[in-house]
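Single chain ahead, written as structure tokens, the form predicted alone.
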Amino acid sequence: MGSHSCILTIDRNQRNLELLAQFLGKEGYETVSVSALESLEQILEHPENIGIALIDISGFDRNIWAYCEKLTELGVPLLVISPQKLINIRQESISHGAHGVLFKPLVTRELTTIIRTLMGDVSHE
């Protein structure tokens, strides 16, 4: 993997962050996890090694969209994860810079395929 090798995971639920980090670790990816927007702000001050962001929007207020836009401005591809399969969630996510939306429960094969594509990482195929 290149210099942008880290996956930023954002989720209010600490257990979900742990499970995602464990899964991604088994796939060979390094993760940085945050559950509070204040922590996310600090990370965005030095985003150099972030290759992609996975954002579970549940539990966050509308301010999460501003962070999605900031990630996009910084050139970090992002994927939104949502517990609700609603068309307006997909539309709003895309309008705020998301490259795609996955709905829970996550399909791990789909998740890894999208991560590899967004990170330009063919070494994991």
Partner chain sequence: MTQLDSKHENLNSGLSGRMETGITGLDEILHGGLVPQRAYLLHGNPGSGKTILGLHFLTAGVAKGERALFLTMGETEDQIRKNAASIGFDLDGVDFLDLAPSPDFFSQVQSYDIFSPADVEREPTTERITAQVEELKPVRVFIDAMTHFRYLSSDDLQFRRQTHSFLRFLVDSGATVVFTSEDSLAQPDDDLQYMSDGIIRLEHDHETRSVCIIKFRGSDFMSGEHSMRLSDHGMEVFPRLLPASEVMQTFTTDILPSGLPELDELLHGGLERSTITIISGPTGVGKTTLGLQFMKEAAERGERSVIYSFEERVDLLMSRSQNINIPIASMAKDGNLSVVQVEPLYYTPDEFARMVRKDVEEKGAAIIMIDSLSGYKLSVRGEDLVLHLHSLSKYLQSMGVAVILINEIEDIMGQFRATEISVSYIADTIIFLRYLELRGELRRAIGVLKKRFSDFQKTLREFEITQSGIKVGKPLSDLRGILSGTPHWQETDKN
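Just so we're clear, the structure is a prediction, and the values are computed from it rather than from any experiment. Residue numbers count along the first chain shown, from 1.
There is another form of this protein, the form predicted together with the partner chain, and it is not shown here; the text below is about that form.
S.K.: Please tell me whether any heavy atom belonging to I114 falls inside 4.5 Å of a heavy atom of the partner chain, as the geometry stands in the predicted complex.
M.R.: Result no; I114 lies far from the partner chain in the predicted complex.
S.K.: Going by a heavy atom distance of 4.5 Å, is L71 a contact of the partner chain in the predicted complex?
M.R.: No.
S.K.: In the predicted complex, does V101 come within 4.5 Å of the partner chain, counting heavy atoms only?
M.R.: V101: no, not in contact with the partner chain in the predicted complex.
S.K.: In the predicted complex, does I81 have a heavy atom within 4.5 Å of the partner chain?
M.R.: Looking in the predicted complex, residue contacts with the partner chain include I81, since a heavy atom lies within 4.5 Å.
S.K.: Pick out the residues of 42-62 whose heavy atoms come within 4.5 Å of the partner chain in the predicted complex.
M.R.: Residue within 4.5 Å: D56, and no other.
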